[in-house]
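Taking the form predicted alone, here's one chain by itself in structure tokens.
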């Protein structure tokens, strides 16, 4: 049929184009490199649970041995291969550490999957907010003293869930946070999805992994920053503050009942490469990133986010591989810069915010690709001048710092009778849906929260900027489900 969409053909055509990826997956389509040289045609190894190849849901043979081998490399009590991505690990960790209907303390800038874990287990969520770097319009880190304050005021909390590094590479003081959480005899879960490369980086060149700093459950997306297939991740667990049997039960609930041997082989291949040749490649990668940052320090109007902010805004450390370019002070938006890099220079960024873009670089980026990014940004910068900022600025950061008014739990709000209204008319109503910009998938509005005028204005501004406002059932993102008035009174 001539009108049948051909995804494979389109992917192959794109793979042959000159578009360069400054986004995940971390292999950057460089499969001819050393990490993929021995990897066969995936069709030739795509099998099911046949004799001799073990079963991920009851590992006794080669898969058990492989995960135990990985655990020794990482230094965990147990390491799980996740073929449903980090989302699978996040859901498992939340379900395995907090009783149904219990309370969790979580950073407000969590990925949407963490909020889904709250919904599925009918939990109450208390929030800790990241500091704000207003000069760049991005999130900073989490303060350990604020976490301690929340734990003292909310003795019902059963686990703490934080994101480090953030989407923009900001790392919080996980060692002190872990010590604080452990004083309350609670487990610390760290979403380290964007820091899978930390485990293989030299100290001083890249941040230290949360696993080495005392976290009890650490989830890493291999595919985000390492040479592994999309959807591959690992979850590391330390014994002591976690019910290992309960957590194990939930891992098997959230994993697919037909796990891909191609993806599992990809996970092992990635870890093997990183533990051997990859260690040396990380040294070279660090040098290349240092050169990129040196070149981009010459920007006159666009601004590069640097480690000069360390020690402020809750920033304990920073991942140099995340290249954050701010448009503040140029009169241009992040969407404008993102669009120009794509259309004129064929460079695809990972994401854009209202006034910045984020480029993910990995050890698999080519010298030519990094040079193209530097040249493009310097060329764009040369045509800019200092202007008034466009209307809006860093509203997302202001929104993240605002404590929402919650009338219902997430589960209650999503299960109550509801009706759809225009977002612009929703002030004072209780949302029955999430609203977020994806990526990164951090909620602006969570079900059960009262819609405030500033939140509504922020959503409308993001739509006007052309950012991907998602979470609602309405595909045009014009309307939102709210809880019926009779269901919105009281908790």
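Positions refer to the first chain, counted from 1. For clarity, every value in this text was computed on a predicted model and none was experimentally measured.
The same protein also exists as the form predicted in complex with a small molecule; that form is not shown, yet it is the one meant from here on.
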*Of 273, 136, 167, 80, which one comes within 4.5 Å of the small molecule in the predicted complex, counting heavy atoms only?*
167
*State the residue from 236, 224, 108, 197 whose non-hydrogen atoms include one within 4.5 Å of the small molecule in the predicted complex.*
224
*Does residue 438 make contact with the small molecule in the predicted complex, using a 4.5 Å heavy atom cut-off?*
yes
*residue 84: heavy atom within 4.5 Å of the small molecule in the predicted complex?*
yes
_Just checking whether residue 217 would be counted as a contact of the small molecule in the predicted complex - the rule being heavy atoms within 4.5 angstroms._
no
*asked:* Please determine whether residue 163 contacts the small molecule in the predicted complex, using a 4.5 Å cut-off between heavy atoms.
replied: yes
_Please pick out the stretch from 185-193, 331-339, 91-99, 140-148 that is in contact with the small molecule in the predicted complex, where contact means heavy atoms within 4.5 Å._
185-193
